[in-house]
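Presented as structure tokens, the chain that follows is alone, the form predicted on its own.
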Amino acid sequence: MIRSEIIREIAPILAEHLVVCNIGLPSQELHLIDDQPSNFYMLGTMGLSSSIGLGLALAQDKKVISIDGDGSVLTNFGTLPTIANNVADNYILLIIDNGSYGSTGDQPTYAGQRTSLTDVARACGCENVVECQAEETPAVLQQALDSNKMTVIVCKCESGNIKVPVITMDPVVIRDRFMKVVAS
């Protein structure tokens, strides 16, 4: 399975929660598959989905799911110890690890080589870290939501992209409609 297939499979689960989605193709895929006002699409901040999602979870009680990629997490390694040391049991970080920088041409990441983001998250102090295969993601995500424990999920999948249109929605509109859901 590739990232877009995983997003398609988990979209019904995501629809009930606040979602902060990684820059580039992941946001474009989620927007195409199941655009929701509760989805915050990152349009220009690589590596910050996990950090923004954690901050949102710490600031309010609704469940927050950050969808991030291995390449983005590798560009913001400080996010994993920050998550470990600021526990928010309403927060889930879903790292879709395809071993590549998918939005820029599928160049390999170190996560596709010798670096295990599962091991890194645990070494940073994250207590609930689950590694799964792509097809297991819906069940693992639902279990994490049901556990009411902050969880880092590292979903291993194949590299590859589908053709998707860019998100033409104005960033201010994305922000405003998302903030209405957060405030409700």
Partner chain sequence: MPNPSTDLDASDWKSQVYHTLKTLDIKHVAYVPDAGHSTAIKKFEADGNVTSVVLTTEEEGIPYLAGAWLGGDRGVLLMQSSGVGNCINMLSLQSNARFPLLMLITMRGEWAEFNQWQNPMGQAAEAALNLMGVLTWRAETPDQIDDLIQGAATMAFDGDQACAVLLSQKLIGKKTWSK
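Numbering follows the first chain given and starts at 1. Quantities reported herein were computed from a predicted structural model and do not represent experimental measurements.
There is another form of this protein, the form predicted together with its partner chain, and it is not shown here; the text below is about that form.
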Quiz item: Going by heavy atoms within 4.5 Å, which of 29 to 37, 127 to 135, 47 to 55, 143 to 151 lines up against its partner chain in the model of the complex?
Solution: 47 to 55
Exercise. Run the contact test on S4, T118 and A121 with a 4.5 Å heavy atom cut-off to its partner chain in the model of the complex and return yes or no.
Key: no
Quiz item: Is A139 close enough to its partner chain in the model of the complex to count, meaning some heavy atom within 4.5 Å?
Solution: no
Self-check item: Contact of P12 with its partner chain in the model of the complex (heavy atom, 4.5 Å)
Solution: no
Quiz prompt | Proximity of T109 to its partner chain in the model of the complex, heavy atoms at 4.5 Å | solution = no
Practice problem: With heavy atoms only and a cut-off of 4.5 Å, decide whether P171 touches its partner chain in the model of the complex. | Solution: yes
